[in-house]
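Shown next as structure tokens: one chain only, the form predicted alone.
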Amino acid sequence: MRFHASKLTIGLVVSSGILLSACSSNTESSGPTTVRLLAHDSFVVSQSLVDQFKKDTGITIEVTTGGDAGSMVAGAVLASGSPSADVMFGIDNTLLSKAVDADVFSSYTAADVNSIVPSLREDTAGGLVTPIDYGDVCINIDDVWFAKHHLAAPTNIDQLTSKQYKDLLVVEDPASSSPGLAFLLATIAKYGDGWTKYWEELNANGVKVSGSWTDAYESVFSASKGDRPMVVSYATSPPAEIVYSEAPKPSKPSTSVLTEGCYRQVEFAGVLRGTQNEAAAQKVVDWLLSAPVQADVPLSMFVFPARSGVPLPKVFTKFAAQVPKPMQLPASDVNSHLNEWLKTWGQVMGR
């Protein structure tokens, strides 16, 4: 997504170009410590938490943005063993095995790893990374449009190929968009070898492909300013609609979520192999899983905290969709077949 442009980003933001230079932040033995946190462009956390962390530990956090998650991981793979950052946050389960195969991480999981919700607790790539948050990518529906046109909304993604939904859906290009890739993986997980036939039928039914979530949701989706009443977005997009509405805020979202055919994304943090700040970097991973930071996650990045027992804001408990059976593929399968899948998808869609 994500709807968080107005939140504070933290520390000094530097370009991803430094990933290929092997300079490091200051060493553990010399003076005040600065830890460079490599994150995707969507990383946000409240500045007060960063300030408190520095007050408690003496560690200054600098954020290094690496573009979207795919670009960030590609840079980290190239710099494996000689990173200019110390910690990476935001690598998700579709990209994790690529980084693991490239030996990007040192062995470390957060000291509080047992606080993670049971379904994610063992998801550490053998002790290399720590789950920090998760969310589900799903079809979002403009309820106002469907009511106005006296048309029932679909209840599963099979129906998206039906004539009654012709020219109503916009998706993101999986080669350039994380939610777009998640939706492609959802269709592969659901239809197996029949996934190409599904996309052929979607294409014949007039699906529109946008290059990014921002373009799809904010320009093409009818709940924003477009003309298509269905879009690939997140199960947490409806509460974000409320949070970012201008006053007077609506009492409920104008959109809902098709909770079938969703793909679960899990985001991780890990210490980068070769860091000169091993101990301090481990403290930053611990901090990302700490209760205060986890409580900040929902309204900062509009995803669910990985830590169990974290109170959710009311707008989340009230309007975030619960997905009963999110789909996932093994990370190793994604890593082995992703290029082939993307090439095939491009051929099917004529792109």
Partner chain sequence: MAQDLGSGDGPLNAPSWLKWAWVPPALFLAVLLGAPITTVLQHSLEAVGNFDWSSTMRIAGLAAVQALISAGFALAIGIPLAAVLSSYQFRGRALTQALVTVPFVLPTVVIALAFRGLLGSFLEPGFLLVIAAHTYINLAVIVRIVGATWQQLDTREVTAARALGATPFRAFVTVTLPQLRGAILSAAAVVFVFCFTSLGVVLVLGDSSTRTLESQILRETSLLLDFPTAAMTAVLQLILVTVVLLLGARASVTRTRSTPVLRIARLPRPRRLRQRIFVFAIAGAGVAIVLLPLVSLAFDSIRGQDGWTLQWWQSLTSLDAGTTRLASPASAIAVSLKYAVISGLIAGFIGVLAAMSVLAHRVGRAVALVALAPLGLSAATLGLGLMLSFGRPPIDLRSLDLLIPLAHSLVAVPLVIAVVLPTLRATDARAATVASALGARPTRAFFTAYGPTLRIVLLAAGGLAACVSLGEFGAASFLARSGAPTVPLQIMRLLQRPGDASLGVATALAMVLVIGTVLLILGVDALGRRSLAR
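Positions refer to the first chain, counted from 1. Note that this is a predicted model, so its numbers are computed, not measured.
Beyond the structure shown, there is the form predicted together with the partner chain, which is absent from this document and is the topic of what follows.
Asker: So in the model of the complex, are T155, G194 and F304 all sitting within 4.5 Å of the partner chain, heavy atoms only?
Answerer: No, the candidate spot makes no contact with the partner chain.
Asker: Pick from 304-312, 322-330, 278-286, 55-63: which stretch has non-hydrogen atoms within 4.5 Å of the partner chain in the model of the complex?
Answerer: In short, 55-63.
Asker: Going by a heavy atom distance of 4.5 Å, is P292 a contact of the partner chain in the model of the complex?
Answerer: Result no; P292 lies far from the partner chain in the model of the complex.
Asker: I'd like to know whether Y244 contacts the partner chain in the model of the complex, with contact meaning heavy atoms within 4.5 angstroms.
Answerer: Y244: yes, in contact with the partner chain in the model of the complex.
Asker: Is there any non-hydrogen atom of V257 lying within 4.5 Å of the partner chain in the model of the complex?
Answerer: It does not: once the partner chain is placed as it appears in the model of the complex, V257 has no heavy atom within 4.5 Å of it.
Asker: How about A175: is it within 4.5 Å of the partner chain in the model of the complex, going by heavy atoms?
Answerer: A175: contacts the partner chain in the model of the complex.
Asker: Tell me, which of G75, G180, G261, P253 has a heavy atom within 4.5 angstroms of the partner chain in the model of the complex?
Answerer: By the 4.5 Å heavy-atom cutoff, the listed residue in contact is G75.
Asker: In the model of the complex, which of the listed residues (V220, A125, I188, I141) lies with a heavy atom within 4.5 Å of the partner chain?
Answerer: Checking each option against the partner chain in the model of the complex, the one that comes within 4.5 Å is V220.
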